[in-house]
Each structure stands twice: as C-alpha cells, then as structure tokens.
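Here we start with a single chain on its own, the form predicted alone, put down as structure tokens.
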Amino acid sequence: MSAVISASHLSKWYGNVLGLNDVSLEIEAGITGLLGPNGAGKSTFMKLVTGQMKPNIGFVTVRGRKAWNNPGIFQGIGFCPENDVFYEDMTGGEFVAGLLRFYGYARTEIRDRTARALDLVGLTADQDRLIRGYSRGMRQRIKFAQAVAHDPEIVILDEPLSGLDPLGKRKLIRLIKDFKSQGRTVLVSSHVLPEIEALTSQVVLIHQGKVLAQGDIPYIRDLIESHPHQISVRSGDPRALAARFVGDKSIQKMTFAADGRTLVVETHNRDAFFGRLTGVLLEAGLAVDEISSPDDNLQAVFEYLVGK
C-alpha cells in the first residue's frame, strides 16, 4: 500500500529550539495515532503536513505532492488544531460557514454542508450561540466540525479528545472510526495511550522531536514489557509483605517509599508477581490499601527508549 503522507529527513526549529529532528516516516490510509508528551513535536509535524509551516530541512508530501506552498492540496485536507483559534463573536454556524466560503462553494452548498457538519457533532441546537459562550467540549466539537465540513480525504486531528467528557469522547471516537470505513486517512495525536488504543492499532511514538518507534499497539506494548515495571503496594505492614517475597525470581528489586506504608517492586514479569501477590495476601492475612503501577504509561516507554 502506497503512503498517503511521507516525510523525508524532516526538521524544523524555532530559533534555538528544535521542534522536529530528522523525521522520516510514511503514513498509509486508515487511522494512525501520533503519541507523545506535550512539546514532543506532534503539533509541529501536523503543521508541516498541512503546509502551515516551511521545513528548515527535508520535506513532507501528501499524495506525492509537497505540502509547503502548495494550495492545491488544501481542498483534500481537514485540520483540527489543538489550540482554540476562534472569532469569539461569531456563532458556531457562522464560524463553520465562514471557513467553507474559502473553498468556493455556492451559498446553498455552504448552508447544507454547515448543517451536516453541525449535526454530525451534535451542535445543531447551539449553532446560533456565540462561540465565546461555548464550553470546552463544545469548542472541541465545533473545531472538529469545521475540519470535516468540506469532506476531506485526509483528516489531521491534534489532540481532538482533550476537554471532552467520556460520552463526548466515545461519540468522537466513533466518528473517527467511521472515517476509516469510508476510506479516508486520519492522523490523530494524543499524549494518552488508551485514547489511541480506542481508535487504532497503528502508532507513531514521538519524543523531543524524534520518532522513537512506529508500529502496531502490540509492538508498542512489547516495548513496555521489555523493561522492569514498578508496582507500588500500599499496606499496613509493607515490611511483612516484602519478607514474603524475598528470593522470588520474578522480582529484581524491592524498596520502601518515603511514606513508610508502600512497598515498591521492580519486576520483569508482572503476571507472575500479581499471581503470587494474591496468594501471599490471603496466606498472611495482610490488608492492602492500594496497588498501582506508576510507570505503566506512555511516558515510561519514552524514558525507556531514550535510555536505550
């Protein structure tokens, strides 16, 4: 399958700040998740793909055409930015309709497309309200509406689930998945791994402007599993609990947290540890207040990969 979006040795800097560093990757049709913490370079990459910024080095193409200084590609791209960029004294309907005018549609077509886009995100009843009175979730939805109102083949979504309540997230996730079934290409960014897991299995990990890994979710999970996991167990007697695990082959290290109530375990085999933990607790009659895995997240993967 040929790439829809292709980047070759792409670099972008802002003064002395490096936003993107020698990125080369290909994104095919379907949904691809771009994951990274704030400041990783996700927004910079998306702005380069959408032709909003000129690369300092390298280039990015969309359907084989360079993105920078090429207005001909804009008709086929929809972009939902992370930050709010509104005319606050416009209504939601006026905002979407105003942007559609740039595509040269007739007045009737603009009205119909605006109505469809607002209905898609559940804002029909609020289309005549000023945007300044919109909630955070409504602002996210109106940004999404303007991004897809012209039926683009490629949809670029920068942190689109941020600020949405659980129901709003589920609805937007369903809409994004529908785009895939329609044969569109979606590039969606997030710093939350479960959000991307709900959307797609194809992931690009980006950190400090560099691509650390690209592949499916099982591959990314394998990266997590290949380094020691920290598991915190808070109980009334952490030392008695630790004594039960002395010599356990599934454990590399045990320490006590500063609160004096938490045992911190490092293990390469979480399943074996948790399986043994249940038996130990029952056997010793120990009460546990909380079990958590503070490094079982995307940041842990970044830190592990950066340190390799």
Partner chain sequence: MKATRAVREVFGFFGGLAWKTGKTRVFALLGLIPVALAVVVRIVLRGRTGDMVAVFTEILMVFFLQFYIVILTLFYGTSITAEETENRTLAYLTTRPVPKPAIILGKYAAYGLLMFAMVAASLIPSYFLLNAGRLGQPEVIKAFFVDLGVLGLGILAYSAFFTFLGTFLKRAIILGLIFGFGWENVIQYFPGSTQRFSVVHYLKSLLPYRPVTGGGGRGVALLLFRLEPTPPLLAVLALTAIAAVFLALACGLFRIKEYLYED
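Residue numbers count along the first chain shown, from 1. As the structure is a computational prediction, the values presented were derived from the model and not from experiment.
The next section is about a form of this same protein that is not shown, the form predicted in complex with the partner chain.
Only one of the listed residues (Lys66, Lys253, Lys54, Arg239) places a non-hydrogen atom within 4.5 angstroms of the partner chain in the predicted complex, and that residue is Lys54. Taking Thr185, Ser190, Gln127, Gln146 one by one, only a single residue has any non-hydrogen atom within 4.5 Å of the partner chain in the predicted complex, and it is Gln146.
Residue heavy atoms within 4.5 Å of the partner chain in the predicted complex occur in exactly one stretch of 117-125, 200-208, 160-168, 86-94, and that stretch is 86-94. At the 4.5 Å threshold, heavy atoms of Gln75 reach the partner chain in the predicted complex. The partner chain in the predicted complex is not approached by Ala213, whose heavy atoms all lie more than 4.5 angstroms from it. Within this chain, Lys47 lines the site of the partner chain in the predicted complex, having a heavy atom no more than 4.5 Å away. Within this chain, Phe79 lines the site of the partner chain in the predicted complex, having a heavy atom no more than 4.5 Å away. Residues of 6-29 lying near the partner chain in the predicted complex, listed in sequence order, are Lys12, Tyr14, the criterion being any heavy atom within 4.5 Å.
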